[in-house]
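Next comes just one chain, in structure tokens: the form predicted on its own.
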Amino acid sequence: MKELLQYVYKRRSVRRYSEEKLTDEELAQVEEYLHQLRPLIPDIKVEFQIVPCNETNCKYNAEYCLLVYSEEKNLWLTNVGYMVEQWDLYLASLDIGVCWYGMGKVAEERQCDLRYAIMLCFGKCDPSVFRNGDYDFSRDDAADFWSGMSDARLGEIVRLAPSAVNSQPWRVDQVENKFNVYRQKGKVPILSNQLFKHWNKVDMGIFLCYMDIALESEGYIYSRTLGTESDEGKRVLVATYTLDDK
């Protein structure tokens, strides 16, 4: 996924869209890329639907919405975040704006054996809304969430990961060549606790996507074991990475 690194610095959550429409070719590219996404957990079934934005409850003036449905298995929401963030970054390469629309609702929460997970809206926008580098972010410093960090370059990439209301729920504890990635629970007063937990599980998938982009861009060989989406305890182990020598 290292080819997505350049768009990490460009991507922005877009809430204002232009009147310009996607061409048939652009829409075909957008749809085709959905079939190329790398899953975090290959045996979780995920399906996507692209619908006109005005057929949803989305309040932004985007042209389309992406609806994401998934099997409910361990880490299903983390898997959704991991996959769809790849698509989010790819659309930035086409100057197509995207916003994760967490308040999105659908008429049917289930389709066959799949459950609705998240909505994203997208459409053409002024290219000037995108970022031009890593200086234009409101994010925690890597040292605030990654203890024992041995490669500052990794931290500078993963710190740019987006999250619901910029909550940045991730914590990383590293000892030598092994590090554990946790979801740190927190409370945001403006949201229901259940909704916030749902979003933060998606956020952890986004973070793992950025982690893999960072590791592969820096030439690391790694293995990863996955944890859980449990709601027990203040910290939940989501993944453990083990790095081999470069």
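Numbering starts at 1 and runs along the sequence shown. Predicted, not measured: the structure shown is a model, and the values here were computed from it.
As for the form predicted in complex with a small molecule, it is not shown, yet the points below apply to it.
- Not one of F145, Y182 and R235 comes within 4.5 Å of the small molecule in the predicted bound form, counting any heavy atom.
- Though the small molecule is absent from this view, in the predicted bound form it lies within 4.5 Å of a heavy atom of just one residue from R224, R12, R16, K21, which is R12.
- Checked against the small molecule in the predicted bound form, the candidates R139, R153, K73, R171 yield a single residue with a heavy atom inside 4.5 Å, and that residue is R139.
- Partner contact region in the predicted bound form: 198-206, out of 198-206, 49-57, 36-44, 62-70, criterion any non-hydrogen atom within 4.5 Å of the small molecule.
- In the predicted bound form, Y90 stays away from the small molecule, with no heavy atom inside 4.5 Å.
- When the small molecule is considered in the predicted bound form, M149 lies well away from it, no heavy atom lying within 4.5 Å.
- Heavy atoms of R115 never reach within 4.5 Å of the small molecule in the predicted bound form, leaving it off the interface.
- Proximity of N166 to the small molecule in the predicted bound form falls within the 4.5 Å heavy atom cutoff.
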